[in-house]
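This document opens with one chain alone, in structure tokens, the form predicted on its own.
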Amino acid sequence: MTPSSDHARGTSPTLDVAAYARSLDCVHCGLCLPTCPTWQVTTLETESPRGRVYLMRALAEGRVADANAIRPFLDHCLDCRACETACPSGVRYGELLESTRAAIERAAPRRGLAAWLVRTLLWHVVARQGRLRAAFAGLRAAELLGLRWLATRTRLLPAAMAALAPRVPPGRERRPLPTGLHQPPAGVARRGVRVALFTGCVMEPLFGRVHRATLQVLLANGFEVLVPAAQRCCGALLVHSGRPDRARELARANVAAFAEADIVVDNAAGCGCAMAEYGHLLGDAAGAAFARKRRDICTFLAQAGLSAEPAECRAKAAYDDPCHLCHGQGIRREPRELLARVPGLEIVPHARPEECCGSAGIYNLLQPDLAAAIGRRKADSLVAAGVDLVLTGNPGCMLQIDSHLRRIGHQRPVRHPIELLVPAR
């Protein structure tokens, strides 16, 4: 059976032929179920990868007439890709899910204020760095005026959402990296390698310290660093929301902005995973070429080797694998190898290092109950490990883990691994 003929006439939100063919790789063995965060919470077949593949296939074959009947189950998926790691058949579940979400959104766009607000924020604010900076400046002013406290006390802002909302750093910490070419300091042996640094969208205003640490580590280790002024958001949140058309605009802008770079490094797992799939997203040679030259910062440094010794950090730390790093990109060993170079740092294992924390872009805002259950499980695992410090390589994960540790009264610093690789001054 092939996708329904209605799809060709544009009246039914079904999968394209390639995506449908990928759905046939699933043999419904069920090995994905225990790895799926939503199945762990609900134990419902429709909240598992296997169940969702069955629903998406039924939509493609015309056995489901109303896409809205299955849409909630697809919305509940975090797109964490853990099922891809577990799958013995090599099902490319992420591509299948994103293709289906896009098909449904094209045929039956979401209605209502919430849907309009998400589309507006993702495209007109998050995807435009200048507006995003202005938005965070406004949020910072609101915090200083006590409006967050007032909104929580008057219940205009639900307590659960207030707990998730990050504290906006002061202006000096939100400042963007200077664009252009940065040279290693005098006295540092140069590698003869120039890398271009991708800065993304929310990492800058929320975790500017991570960008500054990334730049400092690269320069201290002898690399020239280019920060292109014309770069844009990676487009991951738009792809996950069923808007690959918008994401392609951003991807093409990034391909052009980094055209002269031989190596592009990034420090956010979600961004890196999205850019690694630009060949698939854009469907052209330029997108594929960009994907081949991008590197996760830990992978790049582990392969190149550190020439500058990290500063001492005497602490017990747990490293938590971001989903889009371990499952999406297959990167597990490199961050741990680099952290082993930090004097005084003891890496302590915990029970759930590769399970999703429940952040998944803006999932924790759109699906707060499921995200809270998943986040609590992650926080409990980290607390049980008895660590002083939590390390992870994605801004959403950093926010979610910090939020849930605070909610259970066990606050620990949550840092990016690159922050511990900064050399002693």
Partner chain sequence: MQALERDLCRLLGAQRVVYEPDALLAWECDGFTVHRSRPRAVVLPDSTAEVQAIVRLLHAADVPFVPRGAGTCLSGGPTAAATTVVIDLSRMRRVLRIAVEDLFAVVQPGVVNLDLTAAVRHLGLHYAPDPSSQSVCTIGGNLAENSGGPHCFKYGMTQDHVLSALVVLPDGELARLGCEAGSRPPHALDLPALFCGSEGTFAIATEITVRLCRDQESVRTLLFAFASMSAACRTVSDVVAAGLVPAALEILDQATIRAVEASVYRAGYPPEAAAVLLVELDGPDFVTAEEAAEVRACGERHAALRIEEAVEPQERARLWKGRKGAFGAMGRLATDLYVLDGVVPRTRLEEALERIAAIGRRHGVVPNNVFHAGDGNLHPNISFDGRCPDQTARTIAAGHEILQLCVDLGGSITGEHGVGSEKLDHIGMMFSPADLDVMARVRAVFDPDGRCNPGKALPSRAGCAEVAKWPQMVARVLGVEDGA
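Not measured: the values here are computed from a predicted model. Numbering follows the first chain given and starts at 1.
What comes next is about the form predicted in complex with the partner chain, which does not appear here.
Heavy atoms within 4.5 Å of the partner chain in the predicted complex are found in exactly one of 179 to 187, 102 to 110, 287 to 295, 82 to 90, that being 82 to 90.
A58 is the sole member of A385, A58, A373, L389 with a non-hydrogen atom lying within 4.5 angstroms of the partner chain in the predicted complex.
Taken together, the three residues V27, T46 and F73 all lie with some non-hydrogen atom within 4.5 angstroms of the partner chain in the predicted complex. When the partner chain is considered in the predicted complex, L366 lies well away from it, no heavy atom lying within 4.5 Å.
Contact check for I362: no non-hydrogen atom falls within 4.5 Å of the partner chain in the predicted complex. Contact annotation for Q40: at least one heavy atom lies within 4.5 Å of the partner chain in the predicted complex.
Applying a 4.5 Å heavy atom cutoff to the partner chain in the predicted complex picks out R63, V64, A65, D66, A69, I70, F73 from 59 to 78, in order along the sequence.
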